[in-house]
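Form predicted on its own, single chain, as structure tokens, below.
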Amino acid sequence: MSLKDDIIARIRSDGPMRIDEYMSTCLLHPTKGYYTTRSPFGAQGDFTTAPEISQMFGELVGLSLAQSWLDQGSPAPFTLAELGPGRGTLMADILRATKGVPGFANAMHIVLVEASPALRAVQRETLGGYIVAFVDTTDALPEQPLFLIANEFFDALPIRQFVRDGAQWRERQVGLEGNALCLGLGPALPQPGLRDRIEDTQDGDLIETATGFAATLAPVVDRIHRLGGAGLIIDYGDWRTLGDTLQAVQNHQSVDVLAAPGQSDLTAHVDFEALCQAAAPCAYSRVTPQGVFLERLGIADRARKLATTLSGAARDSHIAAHRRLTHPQEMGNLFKVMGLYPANALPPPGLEP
């Protein structure tokens, strides 16, 4: 019995399913979910993230966190953590780039926030030379200064979708049309939590709200605020959501979000305004385009240095990777970076307060 069959049976029994429930089921079902049954990253998977494009991304992210650690007095011990570490490529690049920072390696405790047994196995192999601890949620992060990276993590958190109907809202749901999954709308109801969106929307407009931002960020901001540290959140999205951004990707191609539950990745654009609201009592930086962030950290110089050791197709691929990470028409503007830090500290390098 496929996951799609399970979902159809559940809807027949319990009625239409909210979008966040559908996403959670598709991505995290314990035996049939997308992230629990496969490693979807890289050229052989379904999508490619920035660390898989070029080592430069992880190197510069790592040096930004390491400089924040130095700026805060080199606290020891500290937690070096990643949310949703993929194949471990980003953390491997961070560790390689920070080897030369005096005291950093000896003081760090590496913690990966990863619930998928399949991905944990891949991460263990990638980081085989290091002692790595795994936790399921951010609640379990150690009670010590925290320096954290979350790259393309929040886009996979489940969302709810609402369509404005006068002063009320109709929630988008997954239902049935015969034996097929379909999208529909629930009844018009007041949504007190969306009162502020009346000002910038019209009838028929669709907005999205993420259900897990606050719960995921609360332990992170608590540790950074009380104990010190910094966080870098990198994802695609913008300051405030408007419109349907839910998408499914399979084999590097967009597919119907209802076509293959559990077999395609489901994501949505990140609402950085909501992330900032969930960041209190930490300070947070301006939301900065990824290209600007990387250029401030010196990616152009690093790219030129690496290019001198390459030739032919390898050099062409390297130049294309630099462009993909930074150019405004590629990942440079679509992806944004936000920093978290204590109120009495500086933001991570590459970002402004």
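We number the residues from 1 along the sequence you see. The structure displayed is predicted, hence computed values, not measured ones.
This protein has a second form, the form predicted together with S-adenosyl-L-homocysteine (SAH), left out of what is shown; the following refers to that one.
By the criterion of a heavy atom within 4.5 Å, residue 49 is counted among the residues contacting S-adenosyl-L-homocysteine (SAH) in the model of the complex. Although the partner is absent from this view, residue 161 stays clear of S-adenosyl-L-homocysteine (SAH) in the model of the complex, with no non-hydrogen atom inside 4.5 angstroms. Proximity of residue 85 to S-adenosyl-L-homocysteine (SAH) in the model of the complex falls within the 4.5 Å heavy atom cutoff. Looking at residue 303, you'd find every heavy atom of it more than 4.5 angstroms from S-adenosyl-L-homocysteine (SAH) in the model of the complex.
You can rule out all but one of 67-75, 199-207, 112-120, 256-264: in the model of the complex, only 112-120 has residues with a heavy atom within 4.5 Å of S-adenosyl-L-homocysteine (SAH).
Just one of 236, 153, 134, 213 comes within 4.5 Å of S-adenosyl-L-homocysteine (SAH) in the model of the complex, counting any heavy atom, and that one is 153.
The single contact residue among 274, 157, 188, 105, judged by any heavy atom lying within 4.5 Å of S-adenosyl-L-homocysteine (SAH) in the model of the complex, is 157. Although S-adenosyl-L-homocysteine (SAH) is not shown here, in the model of the complex the stretch 17-34 places heavy atoms of just one residue, 28, within 4.5 Å of it.
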